[in-house]
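This document starts with one chain, in the form predicted alone, laid out as structure tokens.
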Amino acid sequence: MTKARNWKKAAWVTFFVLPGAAIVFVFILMPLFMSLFNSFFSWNQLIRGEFIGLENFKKLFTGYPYQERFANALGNNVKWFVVTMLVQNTLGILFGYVLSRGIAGHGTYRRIFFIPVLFSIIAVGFLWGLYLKPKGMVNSLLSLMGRQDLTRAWLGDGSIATYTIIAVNIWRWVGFPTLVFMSAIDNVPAECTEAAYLDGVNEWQMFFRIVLPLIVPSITIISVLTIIGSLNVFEQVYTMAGLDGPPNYATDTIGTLFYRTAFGSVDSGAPEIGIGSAIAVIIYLMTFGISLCSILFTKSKEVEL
């Protein structure tokens, strides 16, 4: 009987675990190992050549034009992270806190904030690309308001193009951290807030001294997702600006650089599978390192608590 039960238990575990393990292997581990493997070889377009070790990585970091392109693209990814972290997540905490206070119509506001998250990223990028054209809706509205001085070539000016795309991305995603933070704030023990109010704290003090320290786990999770999302930016730039990161690579990211290098080289128009694989490996390593650090940080905080 015991052996039969063990066999049944093993069968059920296998039934539920194998599909997930297969998905992880096929869509995560296999591409990672294939990228690592391919990065160690020279390539003649789609034909694998001889083993060259870390030469593709060396060319990426020191060879022209890859060194310049990679540094520029990574810098834009850092801009994505910094602006998104400061603006989107700060707004998410602010909106979440206000909505958790039970203001009039908070249920409607909650839906309004989250609706853009449900939109297709391709559709959002395409439509906002039209709105932000020199004669698009945004400049037309500014002209109607008598603010022609504010009209811009939003996606054609290298100094603001990246920030414009980031702003659109924030508009689309701000509802997600808003709901996460609102849920975390709603789960703050009532006795903590009631005791604080009895002690005479105001809303500012309540937020910074009581609420904020208690929602640190949620802030950590959103921060990690923000970092990972910033490293994997692709669709928004592709649909609004293009694969070349125009103007003059001002909107380029390591995602678009990877695609452009692997499927059509940045200088010759021919695929550079080896260097593209090296870029993919670097993206994987950065994502894994950040995820690992976040797990260790979260566990250390749990131990402290």
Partner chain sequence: MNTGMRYRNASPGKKLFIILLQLVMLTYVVLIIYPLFNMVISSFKSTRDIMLRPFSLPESYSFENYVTIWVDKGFGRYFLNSLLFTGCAMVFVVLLGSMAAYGIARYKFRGNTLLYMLFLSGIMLPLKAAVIPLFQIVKSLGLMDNPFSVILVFIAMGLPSTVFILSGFMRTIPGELEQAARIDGCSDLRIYSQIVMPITAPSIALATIYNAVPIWNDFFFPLVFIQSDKFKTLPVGLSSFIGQHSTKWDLLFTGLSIAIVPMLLLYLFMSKYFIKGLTAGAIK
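Residue numbers count along the first chain shown, from 1. Everything numeric in this text was worked out from a predicted model, so none of it was measured.
We do not show the form predicted in complex with the partner chain, though everything after this point is about it.
Heavy atoms of residue 193 reach within 4.5 Å of the partner chain in the predicted bound form, making it an interface residue.
Interface residue remark: residue 78 is not counted as part of the site for the partner chain in the predicted bound form, having no heavy atom within 4.5 Å. At least one heavy atom of residue 186 is located within 4.5 Å of the partner chain in the predicted bound form. Although the partner is absent here, residue 154 is not a contact residue: none of its heavy atoms lies within 4.5 angstroms of the partner chain in the predicted bound form.
Proximity to the partner chain in the predicted bound form holds for none of 61, 160 and 163, with the criterion being a heavy atom within 4.5 Å. Residue heavy atoms within 4.5 Å of the partner chain in the predicted bound form occur in exactly one stretch of 66-74, 25-33, 244-252, 49-57, and that stretch is 25-33. With the partner omitted here, the residue from 123, 145, 86, 150 that has a non-hydrogen atom within 4.5 angstroms of the partner chain in the predicted bound form is 123. Using a 4.5 Å cut-off on any heavy atom, the residues of 111-137 that reach the partner chain in the predicted bound form are, in sequence order, 111, 112, 113, 114, 115, 116, 117, 118, 119, 120, 121, 122, 123, 126, 127, 128, 130, 131, 133, 137.
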